[in-house]
Ligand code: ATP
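Next up is one chain by itself, shown in structure tokens, the form predicted on its own.
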Amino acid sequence: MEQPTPTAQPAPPVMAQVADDHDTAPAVLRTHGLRKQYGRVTAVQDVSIMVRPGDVFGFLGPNGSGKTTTVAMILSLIEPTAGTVELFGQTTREGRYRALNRVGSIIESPAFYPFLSGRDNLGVVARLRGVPEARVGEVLDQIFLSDRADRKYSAYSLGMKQRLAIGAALLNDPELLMLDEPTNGLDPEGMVEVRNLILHLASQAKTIFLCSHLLAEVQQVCTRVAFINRGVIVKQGTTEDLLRTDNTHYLEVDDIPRAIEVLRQTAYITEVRPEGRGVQITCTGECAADVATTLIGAGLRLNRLQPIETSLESIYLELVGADTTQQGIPAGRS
């Protein structure tokens, strides 16, 4: 793997994190104060995360944010400048090297032979790793390629090729699977194939660490998420907690100034602001029916009232929006 290119940007201030992320619960993977410096450039700074057994852990950030550098330190491909990596309870270098036998990973797509079949390609990888040949058939079943295992690799679709790459990472039957941008460059059909495979592996009690910039995909598969920007973790927690917010609604009425005046005098509404052709409000609880009653009671005609759903994308843009505006849509390696 090529050494990750560090980012020369200064680190942003660290934002609030979920309190239980670094408790004493058993962990498959834990980092504390992880830092990587190249001369005067800090690529990763004070990264502390924990991955529990059974997690599908999403590691999210724009291009150049430090994702791949962090993964490379976790996998002992590069040594951290400071901080610790704990892998299956092992913190020493020798202990972590032994623990890597329980890890499967894709950092760069493996170079398969185009003239060999999927089965034969996995057989080559199995022999190189000293894995019993019987695992090849088991893995082909896991990645749903048994019926096309004898086709040449060159005839595979992009989604099939990526599933075969994940299959290579599964040959040693790992407890932890680390995937760096597994859907990068795939067409929609291929993305669905890989997403369904990740969900299938999670249902088999695999712990998965997933680096990605495809937020809608991550939201569908991940149980926990950490956002990294300029080498610093800016927010992390369970997907459920991150998406749980006060009720926010968008409404349109015939008299916006009057509606704002009425809504700002309503106790259960915590925020009122103009938004486009209407008004956005945030309530402390379920409030749609009460808002409609309040506005109609004030003599206003309510034309539209709809909830605004929070997504990982909206959280992401709030956290790193300034950077993504400058860089464009985040993609690729970091």
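Start at 1 with the first residue shown and count on from there. Being a predicted model, the structure only gives us computed values, none of them experimental.
The same protein has a further form, the form predicted in complex with this ligand, not shown here; the description that follows concerns it.
Taking the partner from the other structure, this ligand in the predicted complex has a heavy atom within 4.5 Å of a heavy atom of Asn63. In the predicted complex, this ligand lies farther than 4.5 Å from every heavy atom of Tyr268. Contact check for Ala43: a non-hydrogen atom falls within 4.5 Å of this ligand in the predicted complex. You can rule out all but one of 34-42, 276-284, 47-55, 298-306: in the predicted complex, only 34-42 has residues with a heavy atom within 4.5 Å of this ligand.
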